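Just one chain follows, in the form predicted alone, and it is written as structure tokens.
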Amino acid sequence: MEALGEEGLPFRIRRARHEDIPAVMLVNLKSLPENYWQGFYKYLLDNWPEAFLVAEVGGVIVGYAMSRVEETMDPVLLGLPDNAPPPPAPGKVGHLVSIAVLREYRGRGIGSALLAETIRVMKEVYRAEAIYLEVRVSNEPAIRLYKKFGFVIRRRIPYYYRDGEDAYVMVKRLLPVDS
């Protein structure tokens, strides 16, 4: 997907390849306090290749989004109403594990494009009923972005992050509730 970001910056969103993993790891290290080992990136790419995306500017990776598909009976993660009973069988949900854009490229629409494509892939390719993510309660820019895309704060997890900060679980239902 080719796009022209804010300030006229051209960028491209595409599926990640194995040779992209070192560059993705570098974006992660420069952007987020949560880091993963190389095998985890490979695991996600091998199992959910359509849901591992990179953003390029001039052929250089400046952002990524990586997700997986899970089964759950948790009504909250399925994006069901608070008073909904557990489903009779597990439902399929997308889990946005990590999304990041290098600081110097933020505010130009790249994160929005990565998020929009992740949502599309989870709905159209993996047929997920909902998509969820965890976000630091202090990360107001990210929370605003997720709300703009229809995510709703559904749960707070105390001490979720290594440094002791809480996380919000934010969920977006992708299919009608009666599906």
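Position 1 is the first residue in the sequence shown; the rest follow in order. Please read these numbers as outputs of a predicted model, since none were measured by experiment.
The protein also exists as the form predicted together with a small molecule; that form is not presented, and the subsequent description refers to it.
Peer 1: Using a 4.5 Å heavy atom cut-off, which of 45 to 53, 121 to 129, 66 to 74, 141 to 149 contacts the small molecule in the model of the complex?
Peer 2: It is the stretch 141 to 149.
Peer 1: In the model of the complex, does residue 32 come within 4.5 Å of the small molecule, counting heavy atoms only?
Peer 2: Contact with the small molecule, yes.
Peer 1: With the partner left out here, check for me: in the model of the complex, does some heavy atom of residue 92 sit within 4.5 Å of the small molecule?
Peer 2: Result no; residue 92 lies far from the small molecule in the model of the complex.
Peer 1: Is there any non-hydrogen atom of residue 134 lying within 4.5 Å of the small molecule in the model of the complex?
Peer 2: The answer is yes: residue 134 has a heavy atom within 4.5 Å of the small molecule.
Peer 1: So in the model of the complex, does residue 86 come within 4.5 Å of the small molecule, heavy atom to heavy atom?
Peer 2: Output for residue 86 is no: heavy atoms all beyond 4.5 Å of the small molecule.
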